[in-house]
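Here you get one chain, nothing else, as structure tokens; it is the form predicted alone.
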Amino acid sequence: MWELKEYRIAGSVGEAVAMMRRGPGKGVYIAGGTDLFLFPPACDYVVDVNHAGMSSIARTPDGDLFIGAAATLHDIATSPLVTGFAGGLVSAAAAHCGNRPVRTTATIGGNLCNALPSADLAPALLALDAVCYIADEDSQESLPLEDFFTGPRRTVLDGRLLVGIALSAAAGERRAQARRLTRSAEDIALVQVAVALEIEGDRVGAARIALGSVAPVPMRAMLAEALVEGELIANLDPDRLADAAAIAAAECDPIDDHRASAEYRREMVGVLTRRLLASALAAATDMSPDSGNEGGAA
């Protein structure tokens, strides 16, 4: 049983942080609560942030995408603003998280703040260079999502509140692909890989390869990215992509558990990275002015 002494409801971001800091005892933030109710933490009170103005999904005049931390996974999966961004990479990640009842309750903030290595949205957001906006009582700061996780179930928050996630307009133009391997559709991921490429004429500009469920925290395979970034598309033949995939597999640090072996997870990182890079490059070629193909981004 989860025995709480107090349930506090915040009307704003500043009020939420103030309620958290007020004590006495230990508190946690709650929005959807899908993980908290399954695994109740040892705490004295919770601070409900559903009415703190953090559920919006919006595009700025510059085309950047902002997703409030209290936006549900269902809203993210179905919002035209998200489905039309980077080929729907983030909306697809949200759509494959749990089942429909879970998605209508769970939030992007909870998915990230739980800081599980298998967080469903983390690889897609990392591949798009997501920026976290974090609030204290009277201040706010931003930092890259890759710096947000400090360990399994640990983040940089320390009582502060994740307000939302921002993605740049440039990231929305990337050719993006992702895959997750699970034992069943509703199971947590055994392996996750997300790839996003910026195409600049006949070259790859920025290259991102993000991994989940294969290290203590969601991570980017930066050495593998460097092998692809800046290269002529024509030079990225199957052998070069296989090399990048092998490097990505070597960069991760999976564990053995009852769900899969470390060896299997590492092997699947290589397989999925190679396939996703090839698919993203094929989509980029199809989208080139000379191809005559008007299809959308992958």
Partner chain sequence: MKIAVKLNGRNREWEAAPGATLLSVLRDGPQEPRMTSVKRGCETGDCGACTVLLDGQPVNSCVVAAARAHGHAVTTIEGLLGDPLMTMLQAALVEHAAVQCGYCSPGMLVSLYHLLRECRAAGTTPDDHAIREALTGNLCRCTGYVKPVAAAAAVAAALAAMRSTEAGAR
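Residue numbers count along the first chain shown, from 1. No experiment lies behind these values; they were computed from the predicted model shown.
Unshown form predicted in complex with the partner chain; subsequent notes refer to it.
Trainee: Just one of 254, 68, 27, 32 has a heavy atom within 4.5 angstroms of the partner chain in the model of the complex, so which one?
Mentor: Selected option: 32.
Trainee: Name the single residue among 104, 168, 140, 83 that comes within 4.5 Å of the partner chain in the model of the complex, judging by heavy atoms.
Mentor: By the 4.5 Å criterion, the partner-contacting residue is 104.
Trainee: Specify the contacting stretch among 36-44, 238-246, 225-233, 57-65, defined as having any heavy atom within 4.5 Å of the partner chain in the model of the complex.
Mentor: Flagged stretch: 36-44.
Trainee: With the cut-off set at 4.5 Å between non-hydrogen atoms, does residue 154 touch the partner chain in the model of the complex?
Mentor: No.
Trainee: Is the gap between residue 9 and the partner chain in the model of the complex 4.5 Å or less for some heavy atom pair?
Mentor: Result yes; residue 9 sits at the interface with the partner chain in the model of the complex.
Trainee: Could you confirm whether residue 203 comes within 4.5 Å of the partner chain in the model of the complex, counting heavy atoms only?
Mentor: No - in the model of the complex, heavy atoms of residue 203 and the partner chain never come within 4.5 Å of each other.
Trainee: May I ask you to list the residues of 191-215 that have any heavy atom within 4.5 angstroms of the partner chain in the model of the complex, in sequence order?
Mentor: Residues within 4.5 Å: none in this stretch.
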